[in-house]
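Just one chain follows, in the form predicted on its own, and it is written as structure tokens.
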Amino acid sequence: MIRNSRLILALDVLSRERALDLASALKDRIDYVKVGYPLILAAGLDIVEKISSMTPVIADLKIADIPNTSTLISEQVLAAGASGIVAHAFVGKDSLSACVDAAREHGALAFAVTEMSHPGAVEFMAPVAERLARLAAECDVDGVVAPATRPERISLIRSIVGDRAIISPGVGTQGGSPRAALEAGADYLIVGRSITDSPNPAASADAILKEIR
């Protein structure tokens, strides 16, 4: 990981211009920008390259496919300049390892999803999150995704993944507390709409940074 703000901006917008404006305005306040399918589909894959020229990008495509397809997806976004990728662990060791291998070849980071932040994750992901965390560690990922909306789950996953990074979505709009997530063991907070939908994104980011510090 680089820098030290402990804040990852989830750039969940569709406008190319808006995305670039936000990345430019907030680049000195964040460690990474997290870009997903919505922006890439709306603005094109080269948006990753454009944002990467300003600040490191984690491509959150939640890759979940057979190993060959997972490799192809990973290689495309990494070649476009992403500094990290996010993949699902539930698809198994071979598919997750394919993503990790692709990341290594590009000098990038690989993160595995152990549990998501929305309420529906409790139905199917939470019961197997411990197994997914162990699998992620076996595949030697750089970090895992654990929910800021359920800090106790962060603590549980921390006990399994050791000193691997935990990045936690769900702060702000989804109700997650920055302080609670960090105290539970999160290394980085992923924040999106609380900043991007704010009339003053920089001020909103600064308010969260104040809580982090």
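Numbers follow the displayed sequence, beginning with 1. Since this is a predicted model, take the numbers as computed values, not measurements.
The form predicted together with 6-hydroxyuridine-5'-phosphate exists for this protein as well; it is not shown, and the discussion that follows is about that form.
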**Report entry** Heavy atom contact within 4.5 Å of 6-hydroxyuridine-5'-phosphate in the predicted bound form, the stretch among 44-52, 151-159, 165-173, 25-33
**Finding:** 165-173
Query raised in the report: Looking in the predicted bound form, is 6-hydroxyuridine-5'-phosphate within 4.5 angstroms of a heavy atom from every one of A10, K62 and V145?
Result: yes
Query raised in the report: Though 6-hydroxyuridine-5'-phosphate is not shown, can you say which of I73, A80, A137, M116 has a heavy atom within 4.5 Å of it in the predicted bound form?
Result: M116
Report task. Decide whether I190 counts as a contact residue for 6-hydroxyuridine-5'-phosphate in the predicted bound form under a heavy atom distance cut-off of 4.5 Å. Result -> yes
